[in-house]
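Single chain ahead, written as structure tokens, the form predicted alone.
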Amino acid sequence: MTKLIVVIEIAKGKITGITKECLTVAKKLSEDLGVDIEGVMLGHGINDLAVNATKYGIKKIYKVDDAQFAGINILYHTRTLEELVKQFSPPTIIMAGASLYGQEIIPRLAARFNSAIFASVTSLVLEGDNLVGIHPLFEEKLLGTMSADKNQMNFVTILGGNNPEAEIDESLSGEVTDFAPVISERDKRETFVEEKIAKVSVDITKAKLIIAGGRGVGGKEKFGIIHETAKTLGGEVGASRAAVDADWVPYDHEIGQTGKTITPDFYIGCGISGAIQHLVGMRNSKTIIAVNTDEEAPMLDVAHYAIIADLHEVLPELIKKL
């Protein structure tokens, strides 16, 4: 029987959002394959976190809990995961998020097992006897299709910002079993020193409503209307790269290829023309509203609703109505 394993990534003592997206993909795939989702978690002092993870629908978690895994050492993680995977016969699917962690771990494992890899796919589904993944190319101007036999060993990384995060179901539970770490002398050539978490002013990837401003806002002092509207609506502020490069708003708010990928319930783009670099970061928003004076702006091609008007006239009126 096929095994479906999700590598559970931890940051700041919590399961990462991209892992929760993986679990959403895994849930649909597990239903199609008729198998349970299993997981592997590596860290130190993670027993409670592992037990809690079963509430996401993971039936069995292989827990590697050791002081040597207090910080992320890629060689330690890769070696231990390699030994764990050796216990599984094909067909087995090993999945992780396409984070810096997942993109380090999964290709190394695929190479060690001389196996197929679905790299940075937005989805993974079963079609007949094959697994099929979609990989965006050229800033999503093209979508490539990857396919591999479901009956072999397959490794997968899932791109973030393309699937909803799995949610906890308190009625669910699963088994947590210990797996001993495996570290060779050769792996010790790399030593973990310390972990520093970058400080960010806001995490717009979690926002349900985002109002974003672009070059059309007209200046740093004029960006205040974007902040005021976001506050009034109970949302967060986003921005195009042009606004960030002009130092109108911090980088934490940038949406697009060089910024964040977002999937809010509501996205309101104000004074943003809609360059492809920005669109790839927000085009999966559930409802897109564009406010722009240019009827030919590319943003209008992806918008569900458009207001052809000056944002500095529209937003103050919106605030008054609220």
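Keep in mind the model is a prediction, meaning the values are calculated, not measured. In case it trips you up, residue 1 is the first one in the sequence shown, and so on. Only the largest set of C-alpha atoms that superpose within 1.5 Å between the two forms is called the rigid core.
Form predicted in complex with a small molecule: not shown, discussed below.
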Just one of 51-59, 23-31, 36-44, 252-260 has residues with a heavy atom within 4.5 Å of the small molecule in the predicted complex, so point it out.
252-260
Report yes if all three of Gly102, Gly160 and Ala246 come within 4.5 Å of the small molecule in the predicted complex by some heavy atom, otherwise no.
no
Find out whether any non-hydrogen atom of Gln68 is located within 4.5 angstroms of the small molecule in the predicted complex, and reply yes or no.
no
Does the 4.5 Å heavy atom contact test between Ile204 and the small molecule in the predicted complex come out positive?
no
Interface membership of Asn284, the small molecule in the predicted complex, 4.5 Å heavy atom rule:
no
Indicate whether Asp265 is a 4.5 Å heavy atom neighbour of the small molecule in the predicted complex.
no
Can you pick out, from Lys150, Arg215, Arg112, Arg79, the residue that has a heavy atom within 4.5 Å of the small molecule in the predicted complex?
Arg215
In the predicted complex, which of the listed residues (Ala242, Leu124, Val237, Ile225) lies with a heavy atom within 4.5 Å of the small molecule?
Ala242
Would you say Gly39 moves between this form and the one not shown, meaning its CA shifts by 2 Å or more once the core is fitted?
no
Once both forms sit on the same rigid core, is the C-alpha displacement of Thr293 at or above 2 Å between this form and the one not shown?
yes
C-alpha of Ile276 off by 2 Å or more between this form and the one not shown on rigid core
yes
How does the CA gap of Tyr267 and Asn162 change in the predicted complex versus this form, closer or farther, if it moves 3 angstroms or more?
farther
Can you confirm the direction of the Cα distance change for Val249 and Lys12 in the predicted complex, closer or farther than in this form, given it is 3 Å or more?
closer
